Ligand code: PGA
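Take a look at this one chain, the form predicted on its own, written out in structure tokens.
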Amino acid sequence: MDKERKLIIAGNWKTNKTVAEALDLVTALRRELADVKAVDVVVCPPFTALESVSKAILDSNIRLGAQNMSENGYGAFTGEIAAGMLKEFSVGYVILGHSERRQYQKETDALVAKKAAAAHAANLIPIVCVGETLMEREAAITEEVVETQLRGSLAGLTSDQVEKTVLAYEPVWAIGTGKTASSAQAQEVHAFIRKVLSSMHGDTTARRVRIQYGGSVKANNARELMGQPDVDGALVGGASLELRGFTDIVKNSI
């Protein structure tokens, strides 16, 4: 891995964990990962647990992320969460454009770009997700799909903002299915993403952006995936809900 880029392992808890369950897990994570310095560790609980988890990880090496946010600020947007509300709980990261939101909430690249701009305006670090479906991979249009999502989801951001954005390549066919892109497949797409970034914002910016892999990451494949030159971490789903699963991924990544 490029020495300029520090690994980042983020746990996306999705719609799981009551407040009590969230506290149990994050308290144990804080203890188990106390000595980890070489990796940025981020947990992304549901909105209902943000305040409690924020207090539980105070003065620790674990950072807090949210799973989504509104592209709008405060106002008449029923059911939405504004960036300023996340900042109140010391949230530092926010996942945007996850394939589940693209699929179920019909989020578009243009909407993700607006959210990313709003996140940067609030000094939040967006984790912007891109990735192809199984049908698209089998049709051999992975690069076309990923480039379209990438350009659309980062549209309007400055080079400085792009540098501070974390990208997550998540092949939709590997999320929650037990299927994982091989380390070679992951590296191939990550290298392609960096090439597109270079054409958009130059080599320096492209070299500095961290690109996570997401899609059935487990302790037993973490080391090989993280060992690829353009893979800078993982966005972990199911395995992040279990203490041992997540801590082993973090420790095996180093």
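Keep in mind it's a predicted model, so treat the numbers as computed, not measured. In case it trips you up, residue 1 is the first one in the sequence shown, and so on.
Just so it is clear, the following notes concern the form predicted in complex with this ligand, a form of the same protein that is not shown.
With this ligand omitted here, the record of contacts in the predicted complex names 168 to 176 of 107 to 115, 168 to 176, 151 to 159, 86 to 94, defined by a heavy atom within 4.5 Å.
Here the marked residues V41, G245 and K251 all miss this ligand in the predicted complex; none has a heavy atom within 4.5 angstroms.
By the criterion of a heavy atom within 4.5 Å, E100 is counted among the residues contacting this ligand in the predicted complex. In the predicted complex, L235 approaches this ligand with a heavy atom inside 4.5 Å. Within 4.5 Å of some heavy atom of this ligand in the predicted complex lies at least one heavy atom of K14.
Taking non-hydrogen atoms only, G215 approaches this ligand to within 4.5 angstroms in the predicted complex.
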